[in-house]
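This document contains two forms of one protein chain, each encoded as structure tokens and listed individually as structure 1 and structure 2.
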Structure 1
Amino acid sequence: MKFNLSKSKLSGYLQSILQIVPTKSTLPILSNILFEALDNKLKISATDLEVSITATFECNVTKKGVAVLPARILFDIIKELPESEITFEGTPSRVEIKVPHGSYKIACASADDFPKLPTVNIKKQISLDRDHLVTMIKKSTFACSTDETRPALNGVLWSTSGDRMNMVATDGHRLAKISVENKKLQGIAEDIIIPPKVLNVIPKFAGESDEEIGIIFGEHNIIFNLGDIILTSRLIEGPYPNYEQVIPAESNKKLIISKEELAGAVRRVSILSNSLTHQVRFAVKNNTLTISTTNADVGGEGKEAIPCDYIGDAIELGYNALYVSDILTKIEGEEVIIELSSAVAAGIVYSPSIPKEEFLCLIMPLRLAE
């Protein structure tokens, strides 16, 4: 194998590939990157067995071949090099990296031990608007659960039936649902549950271009074609809980408040909240929202009052401040609407500028400590 390319080009692609390489694994081979030198192209791949990534780009290849190199060591070497042309030359067992003023030799792992990557049939792909997909990802994945005992909630539900497609994520304490117009995927696939790991790297690769993203629905996996980057992920087996049941049909209390003022007050007051529950108290009365917390462990109390527009009877609720802050970062515009019905029911949070049918978040209240 022998090829050469610029340091900046290789470093950029390695940085992308590293996002999939696991930091810890019981399989040492997964900490490596597969290099395949082809006709005037270099193909580099990594996998953690759940998500796989392959980058294919033009490269000056003198001799075709394959090598499996340690990802972190290789990246650290390339990152520290000055901008120059780099040459890779070697065999499947050992590679020499030649730079203008020196060289580095690295032993390779066995290519036979590297997991077989899924085959990609581009003919089966459906193209989807890049902005739509990225927006849906950014506004949903934050609400996924990390509780391994409920695997379905560890992913994002993607529903593609009907005139609109939805992405929904929930951990049982909060929920995010975003809906966009669906012209291409109607009836193409059943509802699927996608791990957030693969979704969260798509915006980093999508960039600012207007090109569409190719999507291939497999029986047990999903493939995203971003041009020179191919991402493959296994799907999570369902069923997904009936989330519609927890979205309140009616709310008799409505709060409209400055998003910036609310976010700032929640952040400040929560500094004194319990380190485990992060509970803050919301008390709404007479067009004023009072946010407070008491923490006996540190002998601290915090309270702030914010003016708001409020319709309904006075109410007090407890919320996890971290969940409130997460949701507010996803709401667009200067104001936020919170619809409430009781101290034990989910609150609906959305933007006045975007109909809640298109994007809403739910947050479950905490039981208030007396």
Structure 2
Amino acid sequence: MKFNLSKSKLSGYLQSILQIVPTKSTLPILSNILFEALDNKLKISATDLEVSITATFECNVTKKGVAVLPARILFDIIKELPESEITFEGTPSRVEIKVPHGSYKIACASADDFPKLPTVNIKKQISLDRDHLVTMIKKSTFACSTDETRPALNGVLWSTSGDRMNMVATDGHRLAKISVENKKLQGIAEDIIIPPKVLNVIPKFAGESDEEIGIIFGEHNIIFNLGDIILTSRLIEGPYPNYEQVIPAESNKKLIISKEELAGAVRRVSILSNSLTHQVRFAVKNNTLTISTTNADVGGEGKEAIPCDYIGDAIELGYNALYVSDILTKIEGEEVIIELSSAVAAGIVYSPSIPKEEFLCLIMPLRLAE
């Protein structure tokens, strides 16, 4: 194997690849990167078995070949080099990296041991606006569960209904649902559940904002084509629980309030809340929302009242302050609408500027201690 390329080019791609390389793994081979020198192209790949990444780019290849190199060591060496042309030359067992004033030799891992990168039976292929996808990701993945007893909730549900494409995530305490019109996705036979890991790395890859991201739906995996870089993730076994039934169809109470004021008050009051439940009390009456908490452990209590527009009977509810704060960061605009029905039913949170059919969050109340 022999190829040469510039330091900056390689280091850029390595940085992307490193997002996927696990720092420590029960399979030590996974801390390596697979280099494949092809016809005038270099292909570098890494995987943590759940998510795989491959970068393919033009490169001056003088001799084709394969090598598996330790990711961190390689990146640390390349990172420290001054900008210059670097030559890689070697066999599958040892590679020499030639730099202007010297050389580094690294022993390779066995290419046989490197996991087979996923192959895909393509069921459907679409392309989506990059910004669009990133927004959908950012507004949904935060609500994923980490509880392994309900594995389906560990992922984001990607489904279609009519001409709408939905991403839904929930952990049973809160739910986020974002829906956009997209006719391209129609015909995906079943809903798929995507692990949040791959979704969370997509926004990190710098790209032109008008660029489109190709998405290939496979039977067992999903592929995101980001130009030079291809991300593949396995899917989570379904079925996803029927989330529709927890979204209240009707609410008889509606609260419109300044997002900044609400977020600030919740943040401050929650400092005194119970460190396990983070419970804060929301009391709405006569166009005033009072947020309060008492904490017997610390021996303190906090209370703030914020003016709001409120339609409905007076109500008191308990919420986990962290969940409220999380949700408020996802809502756009200066104001936020909260629809309520009873002290035990889910509250619907959305922005006045975006209809709730397009983006809504649900938050389950906590039982208030009398």
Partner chain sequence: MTPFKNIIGQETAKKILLRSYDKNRLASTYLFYGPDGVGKWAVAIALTALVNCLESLKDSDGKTTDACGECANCRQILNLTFGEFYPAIPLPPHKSDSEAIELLNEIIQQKKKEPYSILSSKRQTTISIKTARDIKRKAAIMAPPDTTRVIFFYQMEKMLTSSADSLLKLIEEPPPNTIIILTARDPDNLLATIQSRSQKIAFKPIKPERIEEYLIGRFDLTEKQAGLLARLSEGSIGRAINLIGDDESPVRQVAFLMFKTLIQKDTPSAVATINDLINPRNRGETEQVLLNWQSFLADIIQIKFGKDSKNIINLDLFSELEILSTKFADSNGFSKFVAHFDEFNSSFRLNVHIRPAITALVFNLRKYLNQSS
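So that the term is clear: the rigid core is the largest set of C-alpha atoms that superpose within 1.5 Å between two forms. Structure 1 provides the reference sequence; residues are numbered from 1 along it. All figures in this text were calculated on a predicted structure; none of them were measured in a lab.
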Name the structure that matches the description of the form predicted alone.
1
Once you overlay the rigid core, does the Cα of L322 travel 2 Å or further between structure 1 and structure 2?
no
State yes or no: after fitting on the rigid core, is the Cα displacement of H220 between structure 1 and structure 2 at least 2 Å?
no
Superposing on the rigid core, is the Cα displacement of K138 between structure 1 and structure 2 2 Å or more?
no
After superposition on the rigid core, what is the displacement of the C-alpha atom of S93 between structure 1 and structure 2, in Å?
3.3
Using a rigid core superposition, the C-alpha offset of K105 between structure 1 and structure 2 in Å is 4.3
